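The chain below stands alone and is given as structure tokens, in the form predicted on its own.
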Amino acid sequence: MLKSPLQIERGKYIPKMPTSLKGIVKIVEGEKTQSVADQDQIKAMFPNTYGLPILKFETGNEMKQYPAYKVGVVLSGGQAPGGHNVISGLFDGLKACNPDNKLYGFLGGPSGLVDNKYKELTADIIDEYRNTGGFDIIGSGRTKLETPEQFDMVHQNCKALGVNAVVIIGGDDSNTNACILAEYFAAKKTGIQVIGVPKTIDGDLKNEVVETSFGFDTACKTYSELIGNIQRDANSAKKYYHFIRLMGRSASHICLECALETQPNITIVSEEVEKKQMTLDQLVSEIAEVVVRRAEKGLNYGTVLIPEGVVEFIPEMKILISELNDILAEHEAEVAVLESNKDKRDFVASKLSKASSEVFNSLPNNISNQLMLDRDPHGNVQVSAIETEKLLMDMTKAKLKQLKKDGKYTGKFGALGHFFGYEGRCAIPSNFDADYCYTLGYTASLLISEGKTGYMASVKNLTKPADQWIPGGAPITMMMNMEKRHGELKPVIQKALVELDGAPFKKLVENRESWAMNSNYLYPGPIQYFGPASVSDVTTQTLLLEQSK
């Protein structure tokens, strides 16, 4: 396989690990746990895996003889930098526990478990993928494991292959499925263990025992490099406002982290928009106000960071989207036969409530069309496909035009839109993610060897050097609550949204005025894999601020 010089050098990189995992290891049990909410309901639904203790691995003095395992691993959901290192750490850990252990990769995500598509992962295969980005070693997928029929198929396939433990690497939904699968296997006394690993670049899978999800560090560094490059261009050309939409539908962690790394003029945080109950017009007015004030200083350029899911946090848009979902589901055939987008818009507008109709008609036509035409597999508006940056650009332009007409704005407004999403999902992992992911995988191998199930691998103390990290396991049930999904209450891992009283957001607020009125841009540059630890091993501003005491 042809490789670039950087690929070759990254292949030689040996991930740093906690001291406690480098020799004889002992497992230490902590306090029993309970779910973050809805304790009675969660306990009733997970009688075999509820109330388990938090686990920690420490340096031991007694060598253990672990039984041989056949382990299956699954990559679930969207890609995140470091997935290959989770599998590398898992492989190395299994071999360290018992050289006879075998690792199988189920292909194409959870569907591989159901369809029995797999390949054995040997040392030769693993070595080709160490410290690389992407999920291409076995592929990923978004199939949900949630029905008894699926669980039975997984059981049959694992039994036929001799697999007695499954590791599911994924986000909150995937680990929810891992928890349900672990409970099912335990109730059926199958002897098959299930361990989860926290993955998502969105950063919304974190809690008291999971300090951050893997991939967030690398993705944010990748986006921040691009934002910094654009800001250098803006500061050079001095004639464009760059509206930059960033991944993060349900939470604004990426947007906030990138703001802390680059210091843009305007940063929208969805959770703040929701708390303030801001209308779309109010949001646009706030952007326009900064543009006007900067123009008074002769600054007709700047950057605006936008989380992709912000439209769902604007109350009037949330109501509109909900009505659209119902209308388009009920009148799908009628809308389909209409030839022009205008006819479709007019038809839909006639079915909306008065308030939602006014909002719908106020939107640029291209956005209205996206709201009607882009549907997800469940028939709902595909919010991630809405070009929010163009929506805010167009509406800001219209607002400024009116202000100029009223004599309240004399500047020039040119705008360019960008969406940074897929650019960050498969980047070569940063040293932090390479080390963190390898440790997560190694920790998962120990949880398996110790006979645990229903746990998520966890590593704490992440702002310290890697040798001081604390590996362990957290019961997935402790992260769960009941939420309404598709009209039914279901047990799910609670998403971590941006905390408006948290240190990262407070830092943004403290600097908001200065960053808005000046051009104090930071230029992070590309991810550094070599050099001083203060540059190459540093983690996110979010984690540093959250962990600072």
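Quick note: we count residues from 1 along the sequence shown, nothing fancier. Bear in mind the structure is a predicted one, so any value in this text is a computation, not a measurement.
The following text describes the form predicted together with a further copy of the same chain, which does not appear among the structures shown.
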Contact of residue 452 with a further copy of the same chain in the model of the complex (heavy atom, 4.5 Å): no
4.5 angstroms heavy atom contact with a further copy of the same chain in the model of the complex for residue 491: no
In the model of the complex, residue 527 touching a further copy of the same chain (heavy atom, 4.5 Å): yes
Residue contact check: residue 225 to a further copy of the same chain in the model of the complex, 4.5 Å heavy atom: yes
Interface residue in the model of the complex among 409, 151, 469, 240, criterion: non-hydrogen atom within 4.5 angstroms of a further copy of the same chain: 240
The unique member of 309, 139, 105, 171 whose heavy atoms fall within 4.5 Å of a further copy of the same chain in the model of the complex: 139
Contact stretch among 115-123, 273-281, 339-347, 89-97 - heavy atom within 4.5 Å of a further copy of the same chain in the model of the complex: 339-347
a further copy of the same chain in the model of the complex reached by all of 6, 132 and 232, non-hydrogen atom within 4.5 Å: yes
Residues within 4.5 Å of a further copy of the same chain in the model of the complex, restricted to 398-419 and counted by heavy atom: 416, 418
